[in-house]
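This document opens with one chain alone, in structure tokens, the form predicted alone.
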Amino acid sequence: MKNFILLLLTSLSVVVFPAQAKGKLSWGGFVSASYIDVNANNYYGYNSGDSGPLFEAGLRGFWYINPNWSVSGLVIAQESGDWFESGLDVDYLSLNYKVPTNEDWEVGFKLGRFKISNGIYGETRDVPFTRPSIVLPLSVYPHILKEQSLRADGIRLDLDYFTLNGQQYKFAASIGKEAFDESFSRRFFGQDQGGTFESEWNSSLHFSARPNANWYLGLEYRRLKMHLKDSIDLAPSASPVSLPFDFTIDTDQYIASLQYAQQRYEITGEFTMRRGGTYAEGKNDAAKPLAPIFDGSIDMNAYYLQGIFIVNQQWNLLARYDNSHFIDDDIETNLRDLEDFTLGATWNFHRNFQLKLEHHWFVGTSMLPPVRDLNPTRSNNPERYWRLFAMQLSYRF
């Protein structure tokens, strides 16, 4: 069924929308197939193994109603191992209003499901042609916490200012609720965990500047708070005693981005700080004394440095160092740190096709699921030194 959905999206691109329609409606999209090969640890899935295929397809549309109003949306189909839900999902779908202004300013609102500004690649991380690598740096773009920073249901304000000298300044503010499914609970507490996290009305602020064609600077703040209600039970399945808990994650996140690009190369660095903690509330007299075992700090400093060398119009090469570090000394070494040394290459052998190859050398496992397995008998990611190879073929229309 999942492969059928991907095939259906591909067929739509070829048969129904042979080219971008002109006028008030426009369409486009992509299809990609990847294979992830990991030599150790549980990167891909809890039943499907540590390695496997990854399929992605997207179909986007834009409806121009009049100079002030429009509708935009993107539907994505994904199959990427059983740590994540597979199938169709609405990536964004919003009613957009553009406030009439002069030529220097653009002011607009999005109402509905919108993308969250999250670093340089956050808004387009699901589109293969817009990201620099198959696996993004896990320090700033941790895939196990993807839903936290991808999109939200609510309202977003965008304010852009352009100068006659080509300078661009952008400010965005949003408030909304992120959508979670049970795969997030499994990634956090292990494969046996059920229940769905519910988001609060979280806020986001973003500022970016392009003082000239070479430089980009971005600053961001996000407030993230979410709850899992009545779904944690520490008692064994056959036990007559119930130990239910509510669980809460409460985080403030800051991201600073800097990028410099020339004709032949591009250098990017991003730094993030996460400050906050986790806590639980026991729901009966037997559970209340055990609630403090869920108290914990999730303070983290993380960054990456990335260089891309543009060989010619078809080839570019990538090198990256990525580092994540939890500040709390009580966290065991493997879960406290993650380093990633990456080398990769991209071959744009046709204007509609792209091939990516990359190899990662990892030290540590802090960004692998599950974050904290509630089953103490299971050893999920025992290897401290491990590697990952990925290959991806993508087509866009």
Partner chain sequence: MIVIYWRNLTQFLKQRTTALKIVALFFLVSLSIPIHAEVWLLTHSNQQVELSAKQIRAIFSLRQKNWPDGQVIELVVMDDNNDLHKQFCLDALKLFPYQLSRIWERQIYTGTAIAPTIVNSEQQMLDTIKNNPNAIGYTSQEVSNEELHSTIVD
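Please read these numbers as outputs of a predicted model, since none were measured by experiment. Positions refer to the first chain, counted from 1.
The same protein has a further form, the form predicted in complex with the partner chain, not shown here; the description that follows concerns it.
- At a distance of at most 4.5 angstroms from the partner chain in the model of the complex, none of the three residues Arg186, Leu343 and Arg372 contributes a non-hydrogen atom.
- Heavy atoms within 4.5 Å of the partner chain in the model of the complex are found in exactly one of 287-295, 254-262, 224-232, 240-248, that being 254-262.
- Contact with the partner chain in the model of the complex, judged by any heavy atom within 4.5 Å, is made by just one of Phe171, Phe162, Trp201, Tyr321: Phe162.
- Distance criterion of 4.5 Å from any heavy atom to the partner chain in the model of the complex singles out Val127 from the list Val75, Leu145, Ala280, Val127.
- Contact check for Pro236: every heavy atom lies farther than 4.5 Å from the partner chain in the model of the complex.
- Although the partner is absent here, Gly29 sits close enough that one of its heavy atoms falls within 4.5 Å of the partner chain in the model of the complex.
- The partner chain is not drawn, but in the model of the complex it has no heavy atom within 4.5 Å of Arg275.
- Although the partner is absent from this view, Gly166 contacts the partner chain in the model of the complex, with a non-hydrogen atom inside 4.5 angstroms.
- In the model of the complex, the partner chain lies within 4.5 angstroms of at least one heavy atom of each of the following residues of 95-113: Asn96, Lys98, Glu103, Asp104, Glu106, Lys110, in sequence order.
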